[in-house]
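Before any questions on how it binds or moves, here is one chain, the form predicted alone, in structure tokens.
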């Protein structure tokens, strides 16, 4: 059984080749992302394995079907980049990794909060230059602050537990309320009330039509002046232009993002010798109260091991028509 991988990096090969010792698949790795530009060059294969910036639209799926692809395996939780209806029409099954170490992403959200607040990245650079002044490094005490969490699935729930442990008042918004979180003191409320009441807002919901540009000029003005916004979910949840305006007029006090709406041609690449033509990203990175990381929230050893194991077992179960060991992973 053959699996063809796209958007492959050295760490992908390392973990999947190690994990494959228990499965025995044949692998083909492409460094490029999947899209119309490359799909015709793909050799016939049983399954493809894709990541967040691969484009698996109807046209791509039609060509994959001609090449005998039976399974589309996402090695991530989000699936907004796959046309599920087209896959179903071509009798392809689609699976994902719904919960790979949610603590990894939740902990990275906390890291963004603490770094923005206590300015440890700036302190590090100062001390390396033998500047030991504290001026400009003033932060605030996190205990007692109100933290709003939009989306309380596996990652959002983990983040809620962390913030409760930090002594924060935690508000949440989701279409489904989690009674376990409520028992810890998390209060569910409307999205508007959450935004109006929170000192820090962290996004942990999937990107869908209903959540696209969830943070926009209207909702930004619902927020407390000077609030902090964190996004470790999907870039499309935020209207970048609106956020830039909110930063300029100081309505938004801090922004920490691990994802970016136009990240496809930027993230997961070394562009240190290049001119980045994305004016919006360049403007964001020019603000002293903005912290951008390059989609690394998932990037822990434990998460990569879980992604590998779940992805390969999903593909094996589907290709061999066996009951799935992770039935919640099946999308189509």
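Residue numbers count along the first chain shown, from 1. Not measured: the values here are computed from a predicted model.
As for the form predicted in complex with a small molecule, it is not shown, yet the points below apply to it.
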### Message
Which is the contacting stretch out of 292 to 300, 270 to 278, 60 to 68, 36 to 44, given heavy atoms within 4.5 Å of the small molecule in the predicted complex?
### Response
292 to 300
### Message
Taking the small molecule as it sits in the predicted complex, is residue 133 in contact with it (heavy atom to heavy atom, 4.5 Å or less)?
### Response
no
#### Entry: Residue contact check: residue 175 to the small molecule in the predicted complex, 4.5 Å heavy atom
yes
### Query
Is residue 100 close enough to the small molecule in the predicted complex to count, meaning some heavy atom within 4.5 Å?
yes
### Query
Would residue 206 count as touching the small molecule in the predicted complex under a 4.5 Å heavy atom rule?
yes
## Note on the structure
The one residue among 155, 195, 255, 170 placing a heavy atom within 4.5 Å of the small molecule in the predicted complex is 155
### Summary
Assert contact residue (the small molecule, in the predicted complex, non-hydrogen atom within 4.5 Å, options 229, 94, 150, 109) equals 150
